[in-house]
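In the form predicted alone, a lone chain appears below as structure tokens.
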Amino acid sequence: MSTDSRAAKAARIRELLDTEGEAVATNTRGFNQGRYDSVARLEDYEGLKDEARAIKEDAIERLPELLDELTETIEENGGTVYVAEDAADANEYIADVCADAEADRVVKSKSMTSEEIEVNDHLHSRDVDVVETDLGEWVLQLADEAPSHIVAPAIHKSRQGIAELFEERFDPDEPLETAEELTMFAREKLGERIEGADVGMTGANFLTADTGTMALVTSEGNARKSVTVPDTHVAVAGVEKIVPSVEDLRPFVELIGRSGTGQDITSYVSLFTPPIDSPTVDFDDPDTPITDGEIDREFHLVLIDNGRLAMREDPDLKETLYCIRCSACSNTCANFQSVGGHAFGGETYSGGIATGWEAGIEGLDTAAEFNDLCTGCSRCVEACPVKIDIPWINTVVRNRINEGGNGGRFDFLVNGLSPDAEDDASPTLQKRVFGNFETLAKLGSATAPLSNWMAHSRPVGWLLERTLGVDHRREFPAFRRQTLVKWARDRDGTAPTDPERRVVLYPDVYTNYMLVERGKAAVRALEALGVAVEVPSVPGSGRPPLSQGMIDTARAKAEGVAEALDPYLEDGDDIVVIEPSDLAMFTGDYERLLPAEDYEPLAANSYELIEYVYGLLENGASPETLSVADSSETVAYHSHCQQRTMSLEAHTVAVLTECGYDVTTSDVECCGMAGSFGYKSQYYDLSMDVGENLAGQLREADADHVLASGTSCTDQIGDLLASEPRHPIELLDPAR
């Protein structure tokens, strides 16, 4: 990416932060909190997710068989099924249906698949009036804007903005101000349009192969009206919406509303088995009971392939087809909460899962426009009701985008310094440098303090921003001449003489070369608790290259780590990890990068540092060997995003509490730094906007100590509060 391109992207993000950010943040954070509250009321949330996942896995595996079964069932019911190869094919079929019905007007309920094929534009070109009846979609149709959210398409618009739009378009007799006034006005206008419609068009959240039943989950009643008022109904859905049976709908109905908007159940859950068995409404004859009318209906189900069947054959994109379009991945994503789908989205889909959809349907070029906004924080993994590994999909697509790249004019600067396993002409220079951060850290440490002086000088800062896109407002953490490994090797022997356990403290890149004090504190704390600690030289985990989509390099790093730690695992040692993102590599990402015989023992015997301390205390170790609170010392603690996804935040809170500290935790999903993301000039403003939410909570806590468990969090909080937080182990350090 050139300097001009980075500047243009930064300007676009700033514009969205200013114009849409507040509304998007308020609404997505409200939905996200609603999800937490709602799923907490379920007896077995994880079990329900497992059930839904199993149904989708089975359905996609048997998709051709279910497609045939659904077609046969609907045709027996009296309907018609058309499988469209692509958008153009689907639009031609729908236009022909409208022509046969001599339709002047189509009323349409909300459907992302119909957005995907752009059917409105096609029908308008055939002189058919298409009216969106979902309130949000109608507002956007009036404003001639694209959706910014897959469930709440107008989430970026304020009440005042909608009032001004209605005033401009309709010049109402009375000013419209309140939400109720706006809604009632829209209801009246939309009712008039539905009354005169010739064709109704809907999407389908799910289709059951056994009965031909379609499930529509909505917050308004417009979908029912679109189905029942006109005599011709067209349903548009992706082929992945098919599930085997009506019974299979139950877990999805339980999960979709809770995951999307935080409602235990959405306002309308409609199950139709079309053509529906009811007369159409005759608005000119209101006195005749509707049941006395004649039943003469047409139903057309248009199933869209548009790349989906190819995605089914792609082992990495296949999981995308499990998506139930609930928007949980958008609502929980810190970046999405700030900028919404007009930045974090493609032609149709937005949020974390959008990369998979856009890459499969539109192609890599479209996905490349926003793929980097996924920082791999993994909060969407926990939120997804069908447990899709969304960060991995984003990483794979990023890797494919890299493979289509051609480096840049400054690539020669790093060719000798970046021993990555990627094709030299693949990732951008910015990605190669950040992906090879371990090499920079080694060089910086070996040449400190000169390297630190250079890194903080203005000419070097200008050069880094110009060539690599490193924002000049960020400061690199200081490299330490004495690494943690050297300190541990050279120090006087203080290890327990009769240890109950032996651990390898993994010297991650950040702890080994920069944040050495937290590593020293970890060694002292573990030894005080009766554990023998060794700090061997071990390669970096591969997190930096993986975050840049450099999968070959990440795999090579993983292989190096497995080889270095294997002898210790063979001896029965435990592996203790300070950096949560590295532990997430060991216990999660390595499953995709290593053979099972290397991955499984490493994953099974690796622990987060404070998780390990918690286990020692639970098994009889005394907290008095650590640094306990003097009296009523207070702590404001921010847990790393991946630490939260691994359900390890509670261990730190428990240990600090047992040691006498009064702990307040933040509830933000991510600090916004996310490794190199916050250093990139095109994303600096977004990173700081995300971080300000965290900074506000930390300031409000007004605690004696501010603690953070991840390197990125430490850097970000340091920039926001002008005071760098410590790792929890530094507060517990017996030498404090």
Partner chain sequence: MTTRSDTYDRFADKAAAYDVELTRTEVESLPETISDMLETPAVGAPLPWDGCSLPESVTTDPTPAQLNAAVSGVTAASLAVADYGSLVLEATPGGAEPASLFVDEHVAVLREQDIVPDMAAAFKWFGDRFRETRGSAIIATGPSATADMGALVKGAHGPKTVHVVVIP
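This structure is a prediction, so every number in the text was calculated from the model and none was measured. Positions refer to the first chain, counted from 1.
The same protein also exists as the form predicted in complex with its partner chain; that form is not shown, yet it is the one meant from here on.
Put simply, of V130, A186, V504, L593 only one has a heavy atom within 4.5 Å of its partner chain in the predicted bound form, and it is A186. Among R480, K225, H651, H300, the residue placing a heavy atom within 4.5 Å of its partner chain in the predicted bound form is K225.
Contact check at 4.5 Å (heavy atoms) against its partner chain in the predicted bound form: all three of L190, I194 and G221 pass. Of the candidate stretches 539 to 547, 279 to 287, 657 to 665, 318 to 326, only 279 to 287 has residues whose heavy atoms lie within 4.5 Å of its partner chain in the predicted bound form. Residue contact with its partner chain in the predicted bound form: Y268 places a heavy atom within 4.5 Å of it. The shortest heavy atom separation between N306 and its partner chain in the predicted bound form exceeds 4.5 Å.
Although the partner is absent here, E76 is a contact residue: one of its heavy atoms lies within 4.5 angstroms of its partner chain in the predicted bound form. For the chain shown alone, A146 is not a contact residue for its partner chain in the predicted bound form, no non-hydrogen atom being within 4.5 angstroms. Of all the residues from 232 to 251, those having a non-hydrogen atom no more than 4.5 Å from its partner chain in the predicted bound form are S245, V246, E247, L249, R250.
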